[in-house]
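Below sits a lone chain in structure tokens, taken as the form predicted alone.
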Amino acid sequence: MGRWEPNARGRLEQAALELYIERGYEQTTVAEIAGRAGLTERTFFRHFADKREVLFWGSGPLREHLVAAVEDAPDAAAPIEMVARAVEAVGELFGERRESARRRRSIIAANPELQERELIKLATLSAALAGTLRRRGVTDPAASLAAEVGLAVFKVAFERWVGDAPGQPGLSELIRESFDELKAVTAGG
């Protein structure tokens, strides 16, 4: 391999996404990902436990961000407002990663194993949100309902965000719109 270049994780992620789209997730090897990125397999395993984790490595930081946002919410906020603020804040983390998110979504949609992993990730996020709400004194079923509804809103907004509609607003704005739509639906509108 050549001399050291920065951003090994980003290069590995980019290479993996390209190969998963070109060849399919199951047909792509770690050696091919590392080779495309101009790195070694050893370097790959310093950053990712396996080739699946290239798609899911951000779950831990995402969970931490959601939990911190709920912990920092005002005491007077309703549970759903705490979750809404947290989910909206997470939307800002995605920033300009729309194309990468589209590619990731298409790869996951094409593979049942990855779909299952995505559902596990979402369940883990929901459990973390509900647990944080409980620590703040919210009882069940309100804590569980607020967490599940918040993630459902996120999923709906995310699907809109990665859709092909030109001129689509940012993810945070779509999350706000989706929470507003939820309010209208639950108010009987």
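All residue numbers are counted from 1 along the displayed sequence. These figures come from a predicted structure and were not determined experimentally.
FYI, the form predicted together with a further copy of the same chain isn't displayed, but the following is about it.
A.B. asks: Pick from 64-72, 39-47, 138-146, 24-32: which stretch has non-hydrogen atoms within 4.5 Å of a further copy of the same chain in the predicted bound form?
C.D. replies: Of the stretches listed, the one contacting the partner is 138-146.
A.B. asks: Using heavy atoms and a 4.5 Å limit, would one call I107 a contact residue for a further copy of the same chain in the predicted bound form?
C.D. replies: Judged by the heavy-atom cut-off of 4.5 Å, I107 is well away from a further copy of the same chain in the predicted bound form.
A.B. asks: Does any heavy atom of K51 come within 4.5 Å of a heavy atom of a further copy of the same chain in the predicted bound form?
C.D. replies: Heavy-atom contact with a further copy of the same chain at 4.5 Å: absent for K51.
A.B. asks: Heavy atoms within 4.5 Å of a further copy of the same chain in the predicted bound form: does L119 have any?
C.D. replies: It does: once a further copy of the same chain is placed as it appears in the predicted bound form, L119 has a heavy atom within 4.5 Å of it.
A.B. asks: Is it the case that A8, even though its partner is missing from this view, gets within 4.5 Å of a further copy of the same chain in the predicted bound form, heavy atoms only?
C.D. replies: Judged by the heavy-atom cut-off of 4.5 Å, A8 is well away from a further copy of the same chain in the predicted bound form.
A.B. asks: Looking at a further copy of the same chain in the predicted bound form, which residues in 149-163 have at least one heavy atom within 4.5 Å of it?
C.D. replies: V149, A152, V153, K155, V156, R160 sit within 4.5 Å of the partner.
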